[in-house]
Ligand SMILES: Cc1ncc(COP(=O)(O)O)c(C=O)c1O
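One chain comes next, on its own, written out as structure tokens in the form predicted alone.
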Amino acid sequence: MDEGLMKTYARTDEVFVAGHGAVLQDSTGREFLDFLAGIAVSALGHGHAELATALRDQVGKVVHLSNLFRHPYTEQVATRLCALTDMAAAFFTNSGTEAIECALKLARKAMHVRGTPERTSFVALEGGFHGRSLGALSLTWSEKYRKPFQPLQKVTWVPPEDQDALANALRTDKPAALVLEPIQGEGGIRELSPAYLQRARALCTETGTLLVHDEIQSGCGRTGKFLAAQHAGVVPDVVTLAKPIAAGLPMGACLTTAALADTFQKGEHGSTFAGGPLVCRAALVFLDEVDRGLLGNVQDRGHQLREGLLALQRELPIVREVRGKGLMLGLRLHHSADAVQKALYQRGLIVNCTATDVLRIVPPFVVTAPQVEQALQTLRSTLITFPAAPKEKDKP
């Protein structure tokens, strides 16, 4: 298996060949309930009819042009994203990592424009994950990701929710930007409080630091609002998006406020593939679904799922905590999260394990009420097979 590939992924044996909504089907015909959605990507699920029609149509016209030439959809997607996020300008990318790289370059260039080119460092939060390229990797907290590739960009780390540590870092280090996830994804679905997000905004304004919100996983409606930060009433200087934005095709965006919209000059940043007609058609299908009320389903199914998880917490001692918002939820266990995830997979429910002790549950936005109920039943029937406390040999 995986012949000819670099050994960078721990992959399952099943070969998935089809899907519909929140259901995936493997090559044997077995169906799985997909509550991972390609790691929070497939917002419209699998086999979405309108998406398929739009992409077939576009493939028959033009797939790629480069950004030297115009196509009909670039400005449509950009202006709609800006309206939904209170931003003023967009740079399209092929991934979330590239959106973060754009944000880092933008922050460094902004410091040059302001006459403070010495402000080259960054502040990030412990537990954060921002990507795997050298710049984005610098901001990613886990040492297992960073250690083999050091030295990296200078970053000061502060604990989440520690407002004093954040104030000290911003005032002392004078970084180019503070980069944070309103809800940490790889960090265990850890939600930052409204008070902390509001304080971070105030401190960045005070110190002249750009505030970059990484909403690659929490954005595009996954929490029930288009941006997770909107629950706290916070507008950053820069926001990065990706995962659901093109309903499964590789696309990201770095959005900025009007004050930063003209920071890059022609030739200072670019991408050969980004923002092409095919991915923009997909993004328009997704945005049309948002306009038709898709986030209402995120809110309703998110409430249903969260209430069900809280019921499991009350019933089962193995469950330690329910985290997250909307359809970005985490079930933190006292032990055996990795083993539980594997058992769920064998029973036909796809989630994954993050931060060692959290089951990450991020289904498609189109998930139905019966599917949520089915997932909760599978979770319960699986969790009750595990002991309330770890076996003696498993204790740390």
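Residue positions are given as counts along the sequence shown, with the first one as 1. Values in this document were obtained by computation on a predicted structure and should not be read as measured data.
FYI, the form predicted in complex with the ligand isn't displayed, but the following is about it.
- For residue 131, a non-hydrogen atom is located within 4.5 Å of the ligand in the model of the complex, even though that partner is not displayed.
- Although the partner is absent here, residue 101 is not a contact residue: none of its heavy atoms lies within 4.5 angstroms of the ligand in the model of the complex.
- Not displayed here, the ligand is approached by residue 186 to within 4.5 Å at the level of heavy atoms in the model of the complex.
- Though the partner is left out of this view, residue 96 does reach within 4.5 Å of the ligand in the model of the complex, counting heavy atoms only.
- Note on contacts: among 217, 256, 223, 209, the single residue with a heavy atom within 4.5 Å of the ligand in the model of the complex is 217.
- Shown alone, this chain has one stretch from 170-178, 74-82, 88-96, 271-279 that lies within 4.5 Å of the ligand in the model of the complex by heavy atoms: 88-96.
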